[in-house]
Each structure stands twice: as structure tokens, then as C-alpha cells.
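Only one chain is given next, in C-alpha cells, and it is the form predicted alone.
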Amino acid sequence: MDFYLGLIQIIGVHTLLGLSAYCVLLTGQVSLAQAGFFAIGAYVAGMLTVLLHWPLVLALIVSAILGGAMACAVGFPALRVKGLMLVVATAAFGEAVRLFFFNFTYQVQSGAILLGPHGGEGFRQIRYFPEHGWGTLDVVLFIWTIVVLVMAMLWWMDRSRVGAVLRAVGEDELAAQSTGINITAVKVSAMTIGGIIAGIGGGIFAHYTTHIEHIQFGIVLATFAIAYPILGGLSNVFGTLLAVIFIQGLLIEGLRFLGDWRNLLFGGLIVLAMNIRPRGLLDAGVLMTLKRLVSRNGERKGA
């Protein structure tokens, strides 16, 4: 049972990671910086709860603010370029953050042990959940409460004028600009929202794993971040959740017996999805079909 609860935790945290990239992809930009924001949230939240004994919720709020602030700061120079140059620029930022934490050491003596990040050895003893009597189920409920809140916020945003503006920029920048939309402000705002969500996800990740290190926040994690919304589709936030369940639940855990061959399968899956279903698994057509089925079932029950 603990295995499945642990898997549900992983799916929840990776859903937050994917949703952080979803916001940026709506504007037509591909960013590999999400792993960097995720790392910032993880280390900051971990240091606040371990070294300063802050409550977890307050630590997550701070990690969200710092993740968003860093995303905003990165967004202004990075989003002036497009396409491949943007991918390279954001990947370089993510790698710079990873290397920073590889060399970052700040430890405090607590009894017979040292607490805090210690360079390449990582950050151990993030024991907030067990120290406060949280069981595995409690952690699952906490993670998914945040996931549901974030998804609800993005779902509402998608259906408001904000979502329409983001999609307009993603569809055609020139047309959007001609209607008076500030392209730079929209892109930076999307990057900032993504940084906030990634900061929260990173903070939760640090506390349920209890041990983080720089290698966890490399290019592989950044690739996962953009793969989830691309595979799931940008028509709806639930597409990202569907993709995370498919990749983490089936591909990573269900096919664990394949070992490293899963990496090739993952790459092939993305290429196949982009060719067969370029708009994702849960695109507008699938959503319309589902709505028709639901309405037909409702009519039959009513009759």
C-alpha cells in the first residue's frame, strides 16, 4: 500500500512541475528553466523548515515567492529571444542553478549532527513530516490538496480573459500585438506564474523525499517538465495530469523491468505523440467527444 501512496505523491509533485511549464507553453515559448525554479523552491523550503523551524505552509509560500521572483527576473532577458535560442538560454539558467547548489554549503550544528545543504553531498535530514507525526496518507492528502487548488486556479484562468490573452500570444504574436497586447508583459507574467508553481512543487518534493541533491534538478527533470503538457495537450490542464499518470505511473513504474530502455521509450513516445497527435492526448477534439458522450448519457437517464 505504501508503494502506491508513494507513487501518488510522485504523480502529484510532477503534476505541479508540468503545470509550471504549461503556463509558459500557452504563450508559445519552450522553457527549460523549470527545473531551476523547482530546485530553488526545494532548497529554500528545506532550509526554512530544517534550519529555522518554520511551518511548512509558510516555507512553501516563501519558496513560491522566490521561485516567481527569479522567474520574473529571468523572463525579461530570456524572452526577448525565440525558438532554439530561448531553449538554450533557459537550459543554461537551469544548469547554472544546479551548479550553484552543487557548490553551496550552509550547515548548522544540531546536537551531534550538521544540518543544511552540503555541496555535492546534498541536503539531508529534511524530516518535517515524520517529526510532526504526518503519516503517508496525510502527506498524500496535503500534496493533492495543493495540486487541486493549483489546477482549479489554472482552469479558472484558462477560461478568463487572462487565458484568452495567453493563448492569443501563443497562436500569433503579431496579431495579438496589433490588438494592443503587451507581448513582453504577457510572456513574463506566464513565466512568473510558472516559477511560483515550480517553487511550490520543489518545496513539497524536498519534504517528501527528505534528501535532495543537485543532480536531481538537471536537464532530465527540465525535459519532463515540458514533456507533460506537450504530451497531454494544451487545451486543458487535465491533459498534463493525464500525461504525468501515463509517464510516471505506466512508463516509469509499470515498465521498471525494462531498466534504461525506458529512456529510449520515453523519447520515442514524445516523437510519436508530436507526429500523431501534435495537439496532445487531450486536445479540443477529444474534449468535444467526451462532452457529447456525457450529454447523451444525461439525456438517456432523463428519458
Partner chain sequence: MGNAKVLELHGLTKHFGGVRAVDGVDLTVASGEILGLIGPNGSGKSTIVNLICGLFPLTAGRVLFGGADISELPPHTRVALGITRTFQNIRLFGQLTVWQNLWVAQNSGEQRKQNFLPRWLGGSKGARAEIDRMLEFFDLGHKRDELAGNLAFGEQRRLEFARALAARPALLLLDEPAAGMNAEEIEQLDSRIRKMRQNGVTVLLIEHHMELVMSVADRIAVLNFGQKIAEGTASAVQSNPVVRDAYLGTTTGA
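Positions refer to the first chain, counted from 1. These numbers come from a predicted model, not from an experiment.
We do not show the form predicted in complex with the partner chain, though everything after this point is about it.
Of the residues given (S110, T105, S160, T145), S160 alone sits with a heavy atom within 4.5 Å of the partner chain in the predicted bound form.
The partner is absent here; in the predicted bound form, the one residue of E121, D138, D172, E131 having a heavy atom within 4.5 Å of the partner chain is D172. In plain terms, the part of the chain that comes close to the partner chain in the predicted bound form, with a heavy atom within 4.5 Å, is 181-189 out of 212-220, 181-189, 68-76, 112-120. The shortest heavy atom separation between R127 and the partner chain in the predicted bound form exceeds 4.5 Å.
In the predicted bound form, L149 stays away from the partner chain, with no heavy atom inside 4.5 Å. In the predicted bound form, V165 approaches the partner chain with a heavy atom inside 4.5 Å. Shown alone here, I196 lies farther than 4.5 Å from the partner chain in the predicted bound form, counting heavy atoms only.
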